[in-house]
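So this first bit is one chain, no partners, the form predicted alone, shown in structure tokens.
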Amino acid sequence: MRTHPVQPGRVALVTGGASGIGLGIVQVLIEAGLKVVVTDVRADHMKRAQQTLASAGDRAVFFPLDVADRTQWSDARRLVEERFGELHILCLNAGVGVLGSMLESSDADWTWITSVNLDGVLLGVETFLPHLVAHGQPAHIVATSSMGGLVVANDGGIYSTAKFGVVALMEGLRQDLRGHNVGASVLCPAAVNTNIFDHERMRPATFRQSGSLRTEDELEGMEAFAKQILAQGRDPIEVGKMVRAGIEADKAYIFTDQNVRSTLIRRRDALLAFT
């Protein structure tokens, strides 16, 4: 059985690592003795994460990263190689949870959601996969999809288009990596107590021409509803522990809630109900 890379002194990089699931993964890996490069696009989240992780000292390194920017990915690899030499765990977690009808969506909606949720994972793999394979030590890639990467929710067409792509990418990558030193897993979380509800407010100016613009009252109502639902979900630290266990066991899929089983069975049955 391939040795897993969750070992003291190893190095991980986590995108979207300054809040939510990403921060939960970072905290669990640091607790396991790893050095972690914490990347995020939001300066406010990075500042809070620096305070949260202060006790980790120089085992937590912070690097601003827009996952849709190829040049910034090259800079991230340069940082890793110059500071640590090798990377062992790559957690491609950054994403935006924005919903909306495809009938109303604009080019900006499609481009923003897919550039972060799918292209951000593709660029991470493209940037670090050759490095991970070349150094020959136990390594692992985890990409965060969603239950929306297996089942399309209401108004989730664009989001699921990207997240289904992440599942396909990681399934294909896992097959290609058989016999190599690198494992691959896809994380498909259900409800987790995160800040995913506020992503619409962080939409970059370049992508403001949305086809489903909402008033301030509508945004506040959506956020309040999402907070209420997500508050009942998993704690990000719990999810981080599940990710660690998934890496150690080299799981193909990492789920956060056993209750999704019935949903997956219904989808399986629907797919097989052809005549």
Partner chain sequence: MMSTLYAALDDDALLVSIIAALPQPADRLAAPAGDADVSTLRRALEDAPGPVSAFVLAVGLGRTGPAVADTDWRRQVLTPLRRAFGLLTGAGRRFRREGRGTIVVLAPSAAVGPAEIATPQLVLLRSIVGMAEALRAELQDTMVRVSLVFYDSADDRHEGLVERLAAALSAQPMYSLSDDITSERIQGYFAPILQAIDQTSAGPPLPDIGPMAAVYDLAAIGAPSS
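Heads up, when I say rigid core I mean the largest set of C-alphas that superpose within 1.5 Å between the two forms. Numbering follows the first chain given and starts at 1. In this text, all values refer to a predicted model and were calculated from it rather than measured experimentally.
The next section is about a form of this same protein that is not shown, the form predicted in complex with the partner chain.
Undergrad: Which residue, Thr194, Asn181, Ser105, Ser185, has a heavy atom that falls within 4.5 Å of the partner chain in the predicted complex?
TA: Checking each option against the partner chain in the predicted complex, the one that comes within 4.5 Å is Ser105.
Undergrad: Do all of Leu150, Ile158 and Ala273 end up near the partner chain in the predicted complex, with near meaning a heavy atom within 4.5 Å?
TA: Every residue of the candidate spot has a heavy atom within 4.5 Å of the partner chain in the predicted complex.
Undergrad: Do Leu173 and the partner chain come within 4.5 Å of each other in the predicted complex, heavy atoms counted?
TA: Leu173: contacts the partner chain in the predicted complex.
Undergrad: Could you confirm whether Pro138 comes within 4.5 Å of the partner chain in the predicted complex, counting heavy atoms only?
TA: Taking the distances in the predicted complex, the answer for Pro138 is no, it never comes within 4.5 Å of the partner chain.
Undergrad: I'd like to know if Gly97 sits close to the partner chain in the predicted complex, meaning any non-hydrogen atom pair within 4.5 angstroms.
TA: Close contact is absent here: in the predicted complex, Gly97 is far from the partner chain, nothing within 4.5 Å, heavy atoms only.
Undergrad: With the partner left out here, check for me: in the predicted complex, does some heavy atom of Phe164 sit within 4.5 Å of the partner chain?
TA: Close contact exists here: in the predicted complex, Phe164 approaches the partner chain to within 4.5 Å, heavy atoms only.
Undergrad: Can you name the residues of 118 to 157 that have a non-hydrogen atom within 4.5 angstroms of the partner chain in the predicted complex?
TA: Leu118, Asp119, Leu122, Val125, Glu126, Leu129, Pro130, Met147, Leu150, Val151, Val152, Ala153, Asn154, Gly157, in sequence order.
Undergrad: If I superpose the two forms on their rigid core, does the C-alpha of Val260 end up displaced by 2 Å or more between this form and the one not shown?
TA: Yes; that C-alpha moves by at least 2 Å between this form and the one not shown.
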